[in-house]
Each structure stands twice: as structure tokens, then as C-alpha cells.
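Given next, in C-alpha cells, is a single chain: the form predicted alone.
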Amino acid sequence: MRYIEPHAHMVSRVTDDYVHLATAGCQAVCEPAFWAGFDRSSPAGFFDYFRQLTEHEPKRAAKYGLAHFCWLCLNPKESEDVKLAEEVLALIPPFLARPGVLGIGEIGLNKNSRNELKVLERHVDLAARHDQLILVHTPHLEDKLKGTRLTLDVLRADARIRPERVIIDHVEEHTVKLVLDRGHWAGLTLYPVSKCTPARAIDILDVCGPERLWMNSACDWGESLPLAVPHTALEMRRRGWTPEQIDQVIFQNPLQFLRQCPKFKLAS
């Protein structure tokens, strides 16, 4: 089995997780910037974090034959302080030229507040000015539908944004069609206690079809499973999906989206 892990927070994982990913057939891991488990208090903390994503983690992954890519942003959980957000966003442009940087993400909303919306708009502007791909986080549970609609409106309001260059992650049954109907890609996040279980994710694929959908583990500090994608692929096989259909969802789809960034290249 071959697959791409398009959303994993490896700074929060032990080295054994890289070994397990490689052993399971992972060809590349993509790491969006995210909340560190606590709110950072200064731009300097983010500067060091961006260095960790672009310098340290690629080296750690390479020891096990894994290509490592990343996305850069200020996570929605830390977007209430607009002044801090502006200072952090000002740090990002020089990092965008680094070899493994795919774009801006994971941006979005957490509690759907006005300040979060302001910072989301600034992120979208940053991506548009630098011609970057965008990866979007959608809120949890009861805030997800409203947050998804607000995010879609922000993206549509900027004429520079091409829908096919945006992946909106953590979709569920009540949001996936909204995303796909706008021409964006949609991500199914496989969590053991929230977001999508493997069974629910496959149900969504059965209803919507495999086009413009990918699956990811979004493994981080909390309860999450780095091997969620290959585990779900096994469940797809049990439910009658062919090897070719499974390969499309777990390998070809993320490859198609990510190749829109010229930096995304896999070893032959």
C-alpha cells in the first residue's frame, strides 16, 4: 500500500511514529502549522516554530526515507490578538521560499469570532499576494457549519483565490457538499473521538464519490492515530473498494492537489 499523509502535526509525535508511517507505505507527510497546546506569547516563539517546521522536521523524517513538507500560518486558536497576528504574519513571507513549504495553512476559524475573521482575511490576502496554496481548518462540533459558511464567504470575496487551490479540512456529513459545490477540495479527518471515524468517512465517499476528497490523520498532541489513513484503507477494502479506487483516494488525490505547488515532488 502507498499513501500520502497530507495533514499530520509531527512536532507533537515521537520518532517511532515516523518509523510506523514509513513501514505502512507512507510516501510523504505534510505538516500544517497549528496550536502548540498552549498560546504563544510573542512573535519570537512563532519564528522558532517556523524554523522547526522548515529545518528540523524534514531532517527527522528523512532518516526514515520520508519526504516532509509543511504549511505556515498563525493557527485560529491564537487569532484573537490581532496585533500579535499581524506581527506573526509579517514573519512568514521569507519562509515561503524554503524548499518544503507548500503554502498557507492551516488557517480558518475556531470560535467564529470577529477577530478570527479579520486574521483569516489577512491570511487569505497573504496567500493571494504570494500565489500560495491554502489549507483551511474548520471549527469543531456545533461551530463547524457556521464556521464553514463564513470561511467559504471569505474565500469567495477575494477574486484572486482559485477554488481548486484551496483544501478545506475536517469536513463532515453536513459540510462536505458545501465545500465541493464551491469548487474546493475537501479533507476527511480520521479521529477516534471526534471529526470522522473510518466508517463515516467511507460513507461520505460512497455518497459523494472520490473526486476532490482526501483523508488525513491530523495526528497531534491529543487522542489521534498517525496510521489512521492506512487503517481506513483496510476498511475500504473490506467494504468492496478496489485497490485502484483506494489508491485514488489515499495517494492520487493528495498528489493531484499538492502538485499544484511546484515544490511537491516525491522520490522516484
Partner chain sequence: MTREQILDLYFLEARGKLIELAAFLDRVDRAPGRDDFRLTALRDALRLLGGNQPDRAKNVLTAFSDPTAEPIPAATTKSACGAWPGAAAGGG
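Not measured: the values here are computed from a predicted model. Positions refer to the first chain, counted from 1.
Omitted here: the form predicted together with its partner chain. The next part is about that form.
Site check 31, 129 and 231: each within 4.5 Å of its partner chain in the model of the complex by heavy atom:
Looking in the model of the complex, the three residues 31, 129 and 231 all stay beyond 4.5 Å of its partner chain (heavy atoms).
Residue (of 211, 39, 48, 55) lying close to its partner chain in the model of the complex, criterion heavy atoms within 4.5 Å
Selected residue: 39.
How about residue 152 - does it come within 4.5 Å of its partner chain in the model of the complex, if we only consider non-hydrogen atoms?
Output for residue 152 is no: heavy atoms all beyond 4.5 Å of its partner chain.
Should residue 160 be classed as touching its partner chain in the model of the complex when contacts are defined as heavy atoms within 4.5 Å?
So residue 160 does not count as contacting its partner chain.
Should residue 182 be counted as a contact of its partner chain in the model of the complex, where contact means heavy atoms within 4.5 Å?
No, residue 182 stays farther than 4.5 Å from its partner chain in the model of the complex.
Quick one: does residue 238 come within 4.5 Å of its partner chain in the model of the complex, counting heavy atoms only?
It does: once its partner chain is placed as it appears in the model of the complex, residue 238 has a heavy atom within 4.5 Å of it.
For the chain shown here without its partner, which stretch in 83-91, 100-108, 116-124, 183-191 has non-hydrogen atoms within 4.5 angstroms of its partner chain in the model of the complex?
In the other structure, the partner sits against 116-124.
For the stretch 123-151, I need every residue with any heavy atom inside 4.5 Å of its partner chain in the model of the complex, listed N to C.
Going through 123-151 in order - heavy atoms within 4.5 Å of its partner chain in the model of the complex - the hits are 140, 141, 142, 143, 145, 146, 150.
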